[in-house]
Structures are given as C-alpha cells and as structure tokens.
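Just one chain follows, in the form predicted alone, and it is written as structure tokens.
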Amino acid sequence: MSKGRRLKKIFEIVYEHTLKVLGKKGDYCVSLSLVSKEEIHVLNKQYRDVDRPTDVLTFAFLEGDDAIDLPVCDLGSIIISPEVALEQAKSFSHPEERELAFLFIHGLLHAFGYDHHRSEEEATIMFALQNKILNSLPYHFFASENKVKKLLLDAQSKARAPYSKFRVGALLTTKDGKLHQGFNIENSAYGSCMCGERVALYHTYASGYQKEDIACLDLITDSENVGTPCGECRQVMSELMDRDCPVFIYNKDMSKCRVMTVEELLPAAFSSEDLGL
C-alpha cells in the first residue's frame, strides 16, 4: 500500500473512531489539508499572529452540535504540516503516522468546540480525551499488519494444547516497537493451565515493561468464529493494561477480526480501588 493510501486509511479510521468516542450521531464532514512547513507558517502568522510554523490549525465552520438541524454538519477545515509532524514524532520517539493521527484528533476536538486555551480545566478535559482516542485507535502504528499476522501465527504454532486442542496465539506490542509473543500452555492439572494472553502479558512485564508502555494486544484462536478472551484473562488485562488499549481478535484463518478495548471486554472491572488500595 502506498503512503498516500495508507494515510487516507488512517485519517478515515481516526475520523470514525473520534465520532464514536464522542458519541456523535448524524452526518458530519470536515476538510483536511496537508501543507508544507512554509505554508502553515504563513497561515499561522496571518490568522493567529504567531510568526512561526505550527503543527495543526483548525478553522471551525460550525462547532459540532450547533448545526444539529442541518442534514450534514460541516465542521470546517483542519490543516496539518507533515514536516512539523515528522519533527515532533522524532522528538517523541514514536511513528510519524501516530503523530499525524494525534494532530488530526486534536483538530477534530477543536472543531467540536473543545479548547485548551480558555482554562486549565478545559485543557485537562481536552488532553485526556485526545489521549483516550489516540490510545484506543484500532490501528497498528508500531508494526506492519503483515508482520503482526505472521508473528501471531508463529505464536499460535508454539501452543501446547494437548487437552483442549484449542490453540491460542497472542502478540503484545509495546510502544518502542517490540513484539512480545504468548501462547496457551496446558497440563493435566487443568487449573494450572495458562492462556496465551496472560503468557504474553507476563512475558512483557518480565522484560521490564509497564502498562503505559503497551500499545495493543493481538489474538488468534482455532475457532471459525472470533473467540474472545476468558474471564480470568479479562481481569488480568484490566489491571495490567490501560483500559483504552485496543485488542485485535482474529479467527483461525484471519478472515474475521473484532477490535475491542480492554474496557469493552470487561466493563465495571474489579480493581485495586475496590480493595481500598
């Protein structure tokens, strides 16, 4: 896939996911332009009286639900400089595409009326929301989809499932681009069996990572349908992963994929807070 087509796909995913997280109904449209560093410098000077390049500008036409009675709500225009995005991606040590997704989310939130200039309280709300949207995006930023699928199948092939005959492969991606495999391991003392999800998670923690380092989790099973994690794994995931973290779940031939966050897998999870810790 060319870079242009890949970016188009990412922006479409970001747009739909942002509307989903915000709970927006109805039809919306927005104009997105990618411009040079010099062009966004000129626009920043002209419209904000700031004489330097910036990363993203939003020109809101109508702010979100202010146009609820219109057939299609025009949110306005968002302008992003990929050159500035690349510079920032390098400084934050994450992929350029993730930085572009972040900037588009930032622009969309402004178009819906969120602001981080008016008050500290509003800034806190907006920044928390944009991080929630970014971290739960159903997209692989840290490894190619082909590589993920190859390593997922490889993990499944290592499963030891002589009793259930149900092989599970797991692949946990951390934000430094490392990929951590897991697979189910069974023995005749059934209660001592270990699911692939937990093997991948414990492997990752044993390697020195923490929940804030985890980007996503991928799973594959021997089921014709998409088989979701068991209750024990969901509880472990709810404590060892961020609640917004996406989980990609494939059926046996990868013809089906379901994407859910940890929160969606286990809403109202029992946590350390319930123990008064």
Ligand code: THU
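One-based numbering along the sequence shown. The shown structure was predicted, so the numbers you read here are calculated from the model rather than taken from an experiment.
What follows is about the form predicted together with the named molecule, which we do not show.
Of the candidate stretches 165-173, 87-95, 116-124, 145-153, only 165-173 has residues with heavy atoms within 4.5 Å of the named molecule in the model of the complex. Residue in contact with the named molecule in the model of the complex (any heavy atom within 4.5 Å), chosen from 130, 184, 204, 136: 184. A heavy atom within 4.5 Å of the named molecule in the model of the complex is found for exactly one of 245, 240, 233, 57: 233. Contact annotation: residue 196 falls within 4.5 Å of the named molecule in the model of the complex, judged by heavy atom distances.
Although the partner is absent here, residue 44 lies well away from the named molecule in the model of the complex, with no heavy atom inside 4.5 Å. Not displayed here, the named molecule is kept clear of residue 251 by more than 4.5 Å at the level of heavy atoms in the model of the complex. None of the heavy atoms of residue 223 is located within 4.5 Å of the named molecule in the model of the complex.
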